[in-house]
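Next up is one chain by itself, shown in structure tokens, the form predicted on its own.
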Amino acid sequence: MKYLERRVIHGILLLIGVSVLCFLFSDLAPGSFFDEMKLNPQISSETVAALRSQYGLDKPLPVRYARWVESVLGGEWGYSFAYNSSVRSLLVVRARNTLLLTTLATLFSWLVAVPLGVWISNHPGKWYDRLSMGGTSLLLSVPELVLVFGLLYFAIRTHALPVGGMTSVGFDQLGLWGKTIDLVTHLIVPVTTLVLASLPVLVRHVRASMVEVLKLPFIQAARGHGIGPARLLFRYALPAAGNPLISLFGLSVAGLLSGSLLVEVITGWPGIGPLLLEASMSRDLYVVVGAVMSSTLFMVFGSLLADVMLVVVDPRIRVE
């Protein structure tokens, strides 16, 4: 518990640091949400000054940050200038959509990477090992932007998949099964992009960890006792190689989350990414801070989940 408490404290400190930097960088950026109103002759300068005072933008940075912290503790996460509503109400739906996309991409990435990495690690130097390493090297060299545009081009040319958004027109009129199929087809392009972007790193790490473990004496002894290849790999070798892979799991969640923001903008997926871009363009300060904090919170949660798994799997950490 002390280990987990220490990791939770580290996560809280990280969230505080990110929030402070968000406010600092937003304050250093030129302009504000209400500056464009000054160009409108129908809006007087007194009205603009009153709006700035109403939202507290005329106060010093420490005062604004303290008010935002108070708003976070109250569950509102600040107030959006553009939407005229609390940031929490905007983030709840968007964060749920981003979490759905990231969770599915993480699940499919590991479901493919672990069996593939374990299999090729047992046959190093074979033609399929070289083919896998060549394929992962190729995917590593292709930017995520190219992957998503390539998949979108394929979907548009073949009309095999819907492009843009999360649902089709008339979604509310569909039955339960129809809604499920419609949602799944809209998920294929963004999820496939994220899986292809993260798969090379995962496969290479799984293979490298397994190759090191397969050289250990206890594996050779298990082979000598006639244990079958599948049981040897997944029952004995994979748990022994699990520690670095579990740590990699937390990093992969953070990587998929950061990548999903760009993919969401390009594919029109209604997640945190488009909201963050829109708020940044309009200088909607508290929405920007809330979106960044939501992404950081997901990253901290992924890292904490990996730490919990390490404590459960590795008795040495529990002893320490």
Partner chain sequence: MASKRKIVAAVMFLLSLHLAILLAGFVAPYDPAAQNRDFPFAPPTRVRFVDAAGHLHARPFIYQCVARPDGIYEYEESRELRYPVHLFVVGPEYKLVGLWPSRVHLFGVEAPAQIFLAGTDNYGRDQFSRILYGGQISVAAGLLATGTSLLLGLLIGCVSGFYGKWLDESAMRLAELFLVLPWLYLLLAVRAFLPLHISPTQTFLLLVVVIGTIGWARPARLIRGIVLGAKNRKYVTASRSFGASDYYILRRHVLPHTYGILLTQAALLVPQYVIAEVTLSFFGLGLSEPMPSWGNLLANLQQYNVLVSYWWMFLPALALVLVSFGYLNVANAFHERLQSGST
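This is a predicted model, so every value here is computed, not measured. Positions refer to the first chain, counted from 1.
Quick note: we don't show the form predicted together with the partner chain, though the next part is all about it.
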query	finding
Touches the partner chain in the predicted bound form: Val265 (any heavy atom, 4.5 Å)	yes
Proximity of Pro124 to the partner chain in the predicted bound form, heavy atoms at 4.5 Å	no
Partner proximity in the predicted bound form: Phe149 to the partner chain, non-hydrogen atom cutoff 4.5 Å	yes
Close approach of Thr180 to the partner chain in the predicted bound form, 4.5 Å, heavy atom	no
Three-residue site Val8, Leu245 and Gly302 fully in contact with the partner chain in the predicted bound form at 4.5 Å by heavy atom	no
Heavy atom within 4.5 Å of the partner chain in the predicted bound form - the one residue of Leu57, Ala49, Ala66, Leu277 that qualifies	Leu277
Interface stretch in the predicted bound form with the partner chain - options 73 to 81, 149 to 157, 109 to 117, 180 to 188, non-hydrogen atom within 4.5 Å	149 to 157
Contacts with the partner chain in the predicted bound form, stretch 277 to 301 (heavy atom within 4.5 Å)	Leu277, Ser280, Met281, Arg283, Leu285, Val288, Ala291, Val292, Ser295, Thr296, Met299
